[in-house]
Each structure stands twice: as C-alpha cells, then as structure tokens.
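Here's a solo chain for you in structure tokens, the form predicted on its own.
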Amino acid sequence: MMAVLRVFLFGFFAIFIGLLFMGIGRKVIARIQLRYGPPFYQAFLDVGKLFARKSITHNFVMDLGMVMALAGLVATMLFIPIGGHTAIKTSSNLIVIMYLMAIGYLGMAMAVAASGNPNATIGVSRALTMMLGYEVPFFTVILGLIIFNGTSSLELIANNQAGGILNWNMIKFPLGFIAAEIALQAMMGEKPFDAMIAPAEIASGPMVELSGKYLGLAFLTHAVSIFVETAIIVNLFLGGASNIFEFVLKQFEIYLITVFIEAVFPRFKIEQAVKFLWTVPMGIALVQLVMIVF
C-alpha cells in the first residue's frame, strides 16, 4: 500500500512541476517577444478544461498508446534520484531509465498514428526521425560518463560530483554538457527542433486528432517528460541535489535555457535538424568521449 502511495506521490509531483515549468516557459517566451502572455498557471487551467470536455477516440490502439505514453514516462521518473529520494533503487538505473523513456515516446507515437490522420502520421514520422538524431549523441555523452565513473547508476554519478561546483561534470566535461544540452533541446521538441509539430505545415502533427481528455493526457505526458529530461541532466552534470527544493531549482535553470533558445531560434527542416544533430553535438560528444577514454 505504501509503495503504491509513493508511486502516486512521485507521479503527482512530476506532473505538478512539469505543468508549472510549462506555464512559466510560455510567460517567459511571451515577454521575450514583447507580449504580455498567459498567467504562469495557465497550463493547470488548460488541463482542467480539457478533462472536462467531451473526448473522441478512434480505436483501442489509440487509447492504449496514450496510457502507455504517460505510464512509460512516470515509470521512468521512479528510477531517477530527486534530491536524495528515489522511488525504486537499482544498481544500473541509467540504462533502465533510457529504456523506459523510449517506451513512453513510442506509446505516444502508436496512439497518434492509430488516428489515421495524414498530418499525425507525418508528425510521428518526423518525431521518430528526430529521436534517432538526438539519441545517438546523447548516448555517446552518457557512455563517456559511465566509463569515467565506472558505474551506470545515476545516483552514484551524481554523488561523485559532491564537494562543490568545481566537481560538477558540467565543469569537468564542458563539451559533453554542451552536446547533452543540444540533445535535450531536441528531446523536448523545442525550437529549432520542433519540425514534428510545425502548426503552419501539418496542423500540430501528432496533436491534430487529439481532443478533450486525450489532449489533456498529452499535456500531462509532456509535463512528466520535461521533469524527467531535466532531472537526468541535473543528475548527470549538476551534481544532483541534497534536497528537493535545490533539485527543482536546478531543473528550472536547465529548462530556462531551452526556453530562451526556443524564443529566439527559427525552426529547422527535419533533414536539417538530423544533419545538425549528427554533426555538431555528435562531433562534440565524440571528442569528449575520446578525451575521457585516452
């Protein structure tokens, strides 16, 4: 019973922080673009309104995919150390985390592809292509950190950076941090790597057939993905944290970087995005890996 309650609390916390970041991000982007923007709590209102509306489903595969997407990312979050707290502890949780993250993304792809809308299919195709583009450099960065620390435990990698900012991997491995930040931008689907949604081209792609509770579930899935992805970077490069408040503050700093880039950069075409990811961050990640190994 306590284990179920613990999972529920971790999931609720990730959704709350993710939605809060989304609301603040929209406000920051609006101010950069000299607009007033929505209130910071707008994301909470949007989710509430969506779950109160009538929903349309196309088939069972769509329902299963939506649940699989959210469940996959919540399950991922349970293995991530959060300010000294981890719901499920394992000795090799970094590998488990990357595996479960992919299940969440593939669940969303399965759901929206089942709608049969051509724009959704194009969006999913672009998202999966982008996934192939950012995962290679991101895994290369992670491989270097695993070799350096001699473990794939995210908790131990974070603990090995204790003792001050000079011990953080962000300082010791700046090339790896830059490559991971670029991969994170693509992972979060923010500009210039948002070709999969491109509203003017494919009517928001994967989201085009989602309505009511299904769109609300997509919002919650995106909120958890923001929490999971920023939490991984905090543990890998910013030394984790000794308490939850410090951990969330570091997550917010990482998220703000992606928001600033989102606000000022134009969108890559999908082929430009993949070419960029396989050259610039991949090249940087390889240089960092060679420096660690030799």
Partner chain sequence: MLELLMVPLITALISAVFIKHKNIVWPLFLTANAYILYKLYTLYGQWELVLNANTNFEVFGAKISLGVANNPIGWYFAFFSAIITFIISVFSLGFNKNSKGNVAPVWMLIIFSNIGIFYAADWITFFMMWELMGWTSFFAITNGNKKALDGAKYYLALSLLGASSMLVGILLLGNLTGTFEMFGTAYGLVQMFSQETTASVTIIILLLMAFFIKSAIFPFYMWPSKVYAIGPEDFITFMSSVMIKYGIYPIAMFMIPVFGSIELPQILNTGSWIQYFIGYLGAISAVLGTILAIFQTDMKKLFAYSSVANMGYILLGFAALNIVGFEGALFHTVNHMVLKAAIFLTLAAVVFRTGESEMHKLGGLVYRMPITFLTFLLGIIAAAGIPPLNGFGSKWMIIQALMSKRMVVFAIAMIFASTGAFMYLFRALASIFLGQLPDRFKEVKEVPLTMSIPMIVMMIGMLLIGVIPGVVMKPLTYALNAVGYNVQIASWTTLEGALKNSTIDLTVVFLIFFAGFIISAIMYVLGNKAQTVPQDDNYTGGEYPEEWGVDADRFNYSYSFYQPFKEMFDPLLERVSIDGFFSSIGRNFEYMSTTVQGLYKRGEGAVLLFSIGVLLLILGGWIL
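Positions refer to the first chain, counted from 1. Everything numeric in this text was worked out from a predicted model, so none of it was measured.
Beyond what is shown, the protein has a form predicted in complex with its partner chain; the following relates to that form.
Novice: Quick one: find which of 190-198, 163-171, 145-153, 176-184 has residues within 4.5 Å of its partner chain in the predicted bound form by heavy atom distance.
Specialist: Checking each option against the 4.5 Å cut-off leaves 145-153.
Novice: Against its partner chain in the predicted bound form, would Tyr214 count as a contact residue? Criterion: heavy atoms within 4.5 Å.
Specialist: The answer is yes: Tyr214 has a heavy atom within 4.5 Å of its partner chain.
Novice: Hey, in the predicted bound form, is Ile24 touching its partner chain, heavy atoms inside 4.5 Å?
Specialist: Judged by the heavy-atom cut-off of 4.5 Å, Ile24 is well away from its partner chain in the predicted bound form.
Novice: Would you classify Ile17 as touching its partner chain in the predicted bound form, given a 4.5 Å non-hydrogen atom cut-off?
Specialist: Heavy-atom contact with its partner chain at 4.5 Å: absent for Ile17.
Novice: Are any of the heavy atoms in Phe245 no more than 4.5 Å from a heavy atom of its partner chain in the predicted bound form?
Specialist: Phe245 lies outside the contact set for its partner chain.
Novice: Sequence order please: the residues of 48-76 with a heavy atom within 4.5 Å of its partner chain in the predicted bound form.
Specialist: Result: Phe51, Ala52, Arg53, Lys54, Ser55, Ile56, Thr57, His58, Asn59, Phe60, Val61, Asp63, Leu64, Met66, Val67, Met68, Leu70, Ala71, Gly72, Val74, Ala75.
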